[in-house]
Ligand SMILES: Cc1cc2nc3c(=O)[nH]c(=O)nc-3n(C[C@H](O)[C@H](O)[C@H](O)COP(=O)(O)OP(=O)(O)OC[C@H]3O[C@@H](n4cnc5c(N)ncnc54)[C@H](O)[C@@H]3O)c2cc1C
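Have a look below at one chain only, the form predicted on its own, in structure tokens format.
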């Protein structure tokens, strides 16, 4: 990295808060994208750790004037290469911007700086009597700025939606250095174009989120877990659609192949409660009254039995609930040594049977293991392509193209929560027309005329 650039960053944030050592910089140049599909990493970068929006602004003014690429980095939990440096860049780490500014119990909001972690929010509201933040995509090292930029989701999206549904207001620094506020603590706002929601999910290519005001939800007093096993994948999917048709909305509904969940349990020395069937549905239910909780258990199990459920298990104790959640959370880590790619398709609930059957056909056709674990309640299915040593199979390109074609045939989207990043942008042609792609690129040019923000990402 040019010494003049380093000296300027020293001037803006202070020498203490600049990283230039190659070994330390490397940590900031990668994210959690699988090595088999991660783009080639460039470590000729300088890492700046600003403490304020004003310092972020000064960095961007300098970078924009000199046309230096800039990448905003939060917790580095992206799985699509969104935070990977592919050319010499200034990497802005928001880790020092980690203050929770205000909890407004009247407006049901929390205002945070971009570097506040999901863990900070979880710990804060675990002590709160009545409120909590509902979004939990998995890794508690994720930061608020990244959650906004990636439009994070997670298991609770079936009831509460994704990050876009929780963001009331954001502060954004544009590539030109201007500091802008979008949104507010309003229930209705029909003035002008919705620029706030354009920024959310834009993967850091339009501006850098420095603050966010997020919605809080009331806590239910009673929460429980329910497992239902099936011998046939189609019966499991049909049960979910029938549950929703009857107006039942659990906190979360997960679809889990039995082989994957048993592997995860074995990997951490735990026992999965159910040995029956090929797939499990995992329901998290949450209600204000205990009687309502048990009524929901009974109704869900009844619907599943109508659809040929093989077994069911209610986790009544806190320990049983925690064990189930711990095993479910370990599914991804347990496959890491064989993980080539993690595709996270989003398809309409009405198309889930077609999609699940299609994945099975593709796996057999290409003679490859594809593990399917997903947030079935919102149609977000995670298909992990596995191979010994996490080596790309020789037919990888044809395989993923066929999966993406299946997604589109099912009227779906290429990603439900992981994002496009630098891994999937060449595949956008499956989902979007030339006109749509041109509009996206035109919007990028309006926000970022010199193309400095996170080049090669999202579009």
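Computed from a prediction, not measured in an experiment: that's the story for all the values here. Residue numbers count along the first chain shown, from 1.
Another form exists, predicted together with the named molecule; not displayed. Remarks below refer to it.
Visitor: Considering the named molecule in the predicted bound form, which of 183, 134, 154, 224 comes within 4.5 Å of it through any heavy atom?
Guide: For this set of options, the contacting one is 154.
Visitor: Between the options 64, 425, 32, 53, which residue brings a heavy atom to within 4.5 Å of the named molecule in the predicted bound form?
Guide: Contact residue from the list: 32.
Visitor: Could you tell me if residue 79 has a non-hydrogen atom within 4.5 Å of the named molecule in the predicted bound form?
Guide: Yes, residue 79 sits close enough to the named molecule in the predicted bound form that at least one of its heavy atoms falls within 4.5 Å.
Visitor: State yes or no: in the predicted bound form, is some non-hydrogen atom of residue 204 no more than 4.5 angstroms from a non-hydrogen atom of the named molecule?
Guide: Result yes; residue 204 sits at the interface with the named molecule in the predicted bound form.
Visitor: Contact between residue 371 and the named molecule in the predicted bound form at 4.5 Å, heavy atoms?
Guide: No, residue 371 is distant from the partner.
Visitor: Against the named molecule in the predicted bound form, would residue 139 count as a contact residue? Criterion: heavy atoms within 4.5 Å.
Guide: So residue 139 counts as contacting the named molecule.
Visitor: Which among 429-437, 393-401, 43-51, 413-421 is in contact with the named molecule in the predicted bound form, heavy atoms within 4.5 angstroms?
Guide: Answer to the contact question: 413-421.
Visitor: Does the named molecule come within 4.5 Å of a heavy atom in each of 75, 146 and 150 in the predicted bound form?
Guide: Answer is yes for this spot.
Visitor: Could you pull out the residues of 420-443 that have any heavy atom within 4.5 Å of the named molecule in the predicted bound form?
Guide: Residues within 4.5 Å: none in this stretch.
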